[in-house]
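The chain below stands alone and is given as structure tokens, in the form predicted alone.
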């Protein structure tokens, strides 16, 4: 079988086995083993691309270029981390009698299915199949958000489903309008919706219809990415989803939705020039950063804090693309890469603290967590430095690249406001985590003392993720850097 087919088939088979009854250790081994094999296949796919080939299957219905290859390898990496962390996460909840066989089947089945969907998003060459793949992530997310069977979980899942479906409805209308803009030139059959076909006939697309399609598609996929003002599902969904699933939503879904946004942006660039979709992305990106700022300053929940951090970071990526130029595109894709490495550390360490205290609310966790959970607290502080763009970590360099691109463009005022918001966001996030971790220990008479922090597979996963993210600040493998440059060439329009 073709390498791309194997890369999709393995997580799908892993999900099917995970959804069945079976011994716990066997199911755990299948999930970790399946996701590990998937990651190896993702690496093999990217190596094939870097070797000079364009991996494709089914008459180019599946096709991997530089942008696809980058998202593929990041999706495989985050999927493996999520599945490994989930094993320890479930074992901790099982020790507290909080896990039923049905809940275990949900995690073992839905996590690999989620990875399959995110890989399909980035591998398909067809806008229709891409839309279906994004819809699959929505369906998986709904069940994962309701995992804990709380009233608040059902409310968050319903909110996510309504807003997500509305966004996907907009995206579908956008795809229909894109097709209508070039119906005479695109041909017939499934290949008529191939984005490569759109790029070939871009100069012939009807401008007004194309503009409508681009607007609807960007709003639709921007909803899935969490761009403001379509971001309101994120805080509740992140709070209610189990931590392994939250990472897939915070990285896998974000990267996949942004990938869809970039594909639409590329079609718009080829037909209308960079200003139309670029200005839209710049506006949505700045709005996302500005909206995240006050909510981080007044936040009361640890996972919601991470949700607004994700809104900030997807806004930063959109700003990088919207500023235009090769430097802006490179900064955005570099930011995507570093964010994919740093956000799992933040989510896993925060999830461990929330699990130990049976809540992610600041008032329930209490201050001075370093005295009760030193390892998780230390990792959370490290993750805070990473995701706030503190030097010498990677997100600092990607933000500097974007800022340099902005000050060298015609958007100097917007870039200045963007920089001011980043400074306020840094101060707010560091303040929130600092008082949680380093504040005075809570009243020792308080009975809500968590169980002792244990070193298990989930904790080992966080430590490994933290080591990899820290090393990446000083060294990126040559192949990964080559992928980022290849993806930049696609977004910049030179590939």
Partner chain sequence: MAISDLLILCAAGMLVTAYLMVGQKALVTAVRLYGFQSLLLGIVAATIAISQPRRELFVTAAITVALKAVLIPWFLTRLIDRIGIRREIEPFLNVPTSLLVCLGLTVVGYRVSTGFQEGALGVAHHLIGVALSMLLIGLFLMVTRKKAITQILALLTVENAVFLVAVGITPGMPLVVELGIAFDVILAVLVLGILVHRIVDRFESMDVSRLSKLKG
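Residue numbers count along the first chain shown, from 1. A quick note: this is a predicted structure, and the numbers were derived from the prediction, not measured.
The form predicted in complex with the partner chain exists for this protein as well; it is not shown, and the discussion that follows is about that form.
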Choose from 174-182, 383-391, 67-75, 86-94 the stretch whose residues reach within 4.5 Å of the partner chain in the predicted complex, heavy atoms counted. 174-182
As a check of understanding, the residue in 193, 403, 266, 379 with any heavy atom within 4.5 Å of the partner chain in the predicted complex should be identified as 193
Pick from 98, 136, 103, 272: which residue has any heavy atom within 4.5 angstroms of the partner chain in the predicted complex? 136
Does any heavy atom of residue 236 come within 4.5 Å of a heavy atom of the partner chain in the predicted complex? yes
Find out whether any non-hydrogen atom of residue 131 is located within 4.5 angstroms of the partner chain in the predicted complex, and reply yes or no. yes
With the cut-off set at 4.5 Å between non-hydrogen atoms, does residue 360 touch the partner chain in the predicted complex? no
Since only the chain is shown here, I'm wondering whether residue 335 would be in contact with the partner chain in the predicted complex (any heavy atom pair within 4.5 Å). no
Run the contact test on 2, 10 and 60 with a 4.5 Å heavy atom cut-off to the partner chain in the predicted complex and return yes or no. no
In sequence order, which positions of 186-211 have a non-hydrogen atom within 4.5 Å of the partner chain in the predicted complex? 189, 190, 193, 206, 208, 209
